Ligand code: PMV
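Only one chain comes next, encoded as structure tokens, the form predicted alone.
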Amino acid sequence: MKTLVKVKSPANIAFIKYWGRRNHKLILPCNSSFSMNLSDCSVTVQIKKIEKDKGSSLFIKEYESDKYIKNTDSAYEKTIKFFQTAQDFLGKKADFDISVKSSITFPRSAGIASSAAYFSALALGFCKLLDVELDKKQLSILARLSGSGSACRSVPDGFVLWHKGNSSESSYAESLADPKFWSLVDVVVIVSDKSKKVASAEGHQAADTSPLFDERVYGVEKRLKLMLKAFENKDLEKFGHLLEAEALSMHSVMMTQRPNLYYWSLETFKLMKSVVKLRESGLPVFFTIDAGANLHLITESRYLSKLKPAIGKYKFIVNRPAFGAKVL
């Protein structure tokens, strides 16, 4: 039985978004979603068994981090809660406490899926420490139950579909294609590296207060089918226009829900307009935005050399399709 495990897991970018839940306790989404794991945006966690304190059912002795993951009460509490959830899910109680050390390669809580990367890594790490082997489907379900629904998409490899399902057992993520299927690149443009004021988990709670929410849920499954067809055909133009329409649909809901969520900054909007101008000049590049101010620019790798100079004034991270959570 392992006493220490180290796991690396990627963030992911959703092409078809997850916004709004039909069951908050089980983290069941209102629609299926589609994503790509990111090669250069990842979280690594090191989890170590330590002797249990007398009278303590669970206590994380140590929570160390780099400059982005801070030793906050919320992160501490969510980690403790997830370890308890994992024990219940796996049907195996720990006779030990744990220490957790974390490192991250990109700005945390800035709309680049840091929670997805972190909790998917914890899901795999907890399984290893408790000496339980899960298949990818069950591991993705466990990751979803962490509270970060998107974490389930960071478990499988490459391009991933999260089935909304009609129960906890049927709401899981699976790989639709391995990382080599399509040479897409995701250039994350860092408009702001500051933590967002409203976390995604809070935003999900109020998504259905938007007058546009029902319309979005109705249309998103149709958009998913069209996108999967464009993906299968590697049709960048059709894929990209659906990508942008999807991002704008989600943010329209965010902006009209109560309380309103305005994740964009002025720089976000300027960059969106710049992307349109780049396309008009002949460069096939498209944007998507998760719950934050930072843009993800999607194109094929053959256009990367032309794209980089166009965004030179910004910090950016170039990502290619990546494998899911893995033990190091």
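Please read these numbers as outputs of a predicted model, since none were measured by experiment. From 1 onward, residues are counted along the sequence shown.
Just so you know, the form predicted in complex with the named molecule exists too; it's not on screen, but the next bit is about it.
Heavy atom within 4.5 Å of the named molecule in the model of the complex - residue from 102, 171, 79, 115: It is 115 that has a heavy atom within 4.5 Å of the partner.
The named molecule: the contacting residue among 175, 257, 200, 109 in the model of the complex [heavy atom, 4.5 Å]: By the 4.5 Å heavy-atom cutoff, the listed residue in contact is 200.
Non-hydrogen atom within 4.5 Å of the named molecule in the model of the complex for each of 14, 250 and 290: Judged in the model of the complex, 14, 250 and 290 all sit within 4.5 Å of the named molecule.
Contact of residue 204 with the named molecule in the model of the complex (heavy atom, 4.5 Å): Flag for residue 204 set to yes.
Residue contact check: residue 148 to the named molecule in the model of the complex, 4.5 Å heavy atom: Yes, contact at 4.5 Å.
Partner-proximal stretch of 128 to 136, 223 to 231, 149 to 157, 183 to 191 relative to the named molecule in the model of the complex, 4.5 angstroms, heavy atom: The contacting stretch here is 149 to 157.
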